[in-house]
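A single chain comes next, written as structure tokens; it is the form predicted on its own.
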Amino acid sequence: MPNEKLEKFLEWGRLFFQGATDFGRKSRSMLEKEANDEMDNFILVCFADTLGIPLPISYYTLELLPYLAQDLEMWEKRMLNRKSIWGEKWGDYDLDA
């Protein structure tokens, strides 16, 4: 009986320290998703005229094109793979757990 309590205590301790020190798994994916969202918003603001939204500073944003060309390709892939923006936002809050 005391052996079972000790094993249970050690298991809880192991899970506690694993959860407290596992920074790489969930936090990294959350940071990557947030960075992608910020980049998507930035690209949308810079190149809104390509979607038909008038942008008075398009001349200046075109100067950013050589620096953002590589990111535009990834942005296009993310936009094409996006199924539902509501589903993505619902998943951000991790309510299904």
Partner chain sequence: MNRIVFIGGKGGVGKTTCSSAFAVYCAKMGKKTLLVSTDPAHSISDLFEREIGLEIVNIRENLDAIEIDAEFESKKYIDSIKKNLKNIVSTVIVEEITRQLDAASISPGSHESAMFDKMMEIINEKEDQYDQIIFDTAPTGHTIRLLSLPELLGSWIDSLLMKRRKAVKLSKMANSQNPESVENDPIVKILTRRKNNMEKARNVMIDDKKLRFIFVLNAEKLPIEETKKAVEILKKYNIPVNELIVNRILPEQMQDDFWKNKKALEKKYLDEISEAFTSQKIIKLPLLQNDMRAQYIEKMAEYFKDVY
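Remember, predicted model here, so these are calculated numbers, not experimental data. Numbering follows the first chain given and starts at 1.
There is another form of the same protein, the form predicted in complex with its partner chain; it is not shown, and what comes next is about it.
Taking the partner from the other structure, its partner chain in the predicted complex has no heavy atom within 4.5 Å of any heavy atom of residue 26. Taking non-hydrogen atoms only, residue 66 approaches its partner chain to within 4.5 angstroms in the predicted complex. In the predicted complex, its partner chain stays beyond 4.5 Å of every heavy atom belonging to residue 52.
Residues of 32-59 lying near its partner chain in the predicted complex, listed in sequence order, are 32, 34, 35, 38, 39, 41, 42, 45, 46, 47, 50, 55, 56, 57, 59, the criterion being any heavy atom within 4.5 Å. Compared with the form shown, the residue 32-residue 74 C-alpha separation increases in the predicted complex, the change being 3 Å or greater. Figure legend: C-alpha atoms of residue 74 and residue 31, shown here, are separated by at least 3 angstroms more in the predicted complex.
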